[in-house]
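Presented below, as structure tokens, is a lone chain in the form predicted on its own.
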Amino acid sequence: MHRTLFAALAAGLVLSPIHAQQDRVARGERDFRVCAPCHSLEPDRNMTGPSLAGLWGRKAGSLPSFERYSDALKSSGIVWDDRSLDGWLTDPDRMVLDNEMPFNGIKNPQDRADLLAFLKEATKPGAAPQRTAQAPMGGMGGMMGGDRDPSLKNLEPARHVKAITYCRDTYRVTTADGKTRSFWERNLRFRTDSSKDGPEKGAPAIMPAGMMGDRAGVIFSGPEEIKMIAPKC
């Protein structure tokens, strides 16, 4: 009886740190949802901010596939590890003056520890992408969320833009299904996506944006295609 009780207690002591770490990682995964609209966990899938894959041991501002680092971060000399990332998550403006990350920091030490526990697991080489952590933001048709945007290859006719005309304050977008929609000039955005999920050359896509159905974004494979917009009244 005593041996059984002792064995159970010993097993509990061994498993307790493991369970505690699992709890931290789970809490950190939930916390990462506020980071997901700007940062991917997939290698070289850059968004507003750089991919976080392989983050530990990487020099700040050094991911070759990311083009938008601030000069301040590139010249900081920081190497990302537990200590430097904790400082960055606490107050990035204090750690690197004139950095361009729009983030005020996480003041609660436990929240930072949870997030770092998750990131350390999710960003190590070979880690599976954490889809559940990258929840999309509502109301933008997938245009702004951290979840993977839909592929713009092989578009359905209603998404395949064939012509765009402009008259005074109005754009008219004609799609491959033969329909034409009118947009106030402030409600139509033009974007490019040169990634493997972007549209084929000569086949820009139109995607909904906003909650009222009056806004959209036209996505081209490159900036040279924007010249297809024709003045016509």
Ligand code: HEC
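All residue numbers are counted from 1 along the displayed sequence. Quantities reported herein were computed from a predicted structural model and do not represent experimental measurements.
This next part talks about the form predicted in complex with this ligand, which is not shown.
Contact with this ligand in the predicted complex, defined as any heavy atom within 4.5 Å, is confined among 162-170, 193-201, 177-185, 64-72 to 64-72. This ligand in the predicted complex comes within 4.5 Å of no heavy atom belonging to P43.
In the predicted complex, this ligand stays beyond 4.5 Å of every heavy atom belonging to A117. I106 belongs to the set of residues with a heavy atom inside 4.5 Å of this ligand in the predicted complex. Residue contact with this ligand in the predicted complex: P102 places a heavy atom within 4.5 Å of it. Contact with this ligand in the predicted complex holds for all three of V34, C38 and L55, each having a heavy atom within 4.5 Å. If you take 78-95 and check each residue for a heavy atom within 4.5 Å of this ligand in the predicted complex, you get W80, L85, W88, L89, in sequence order.
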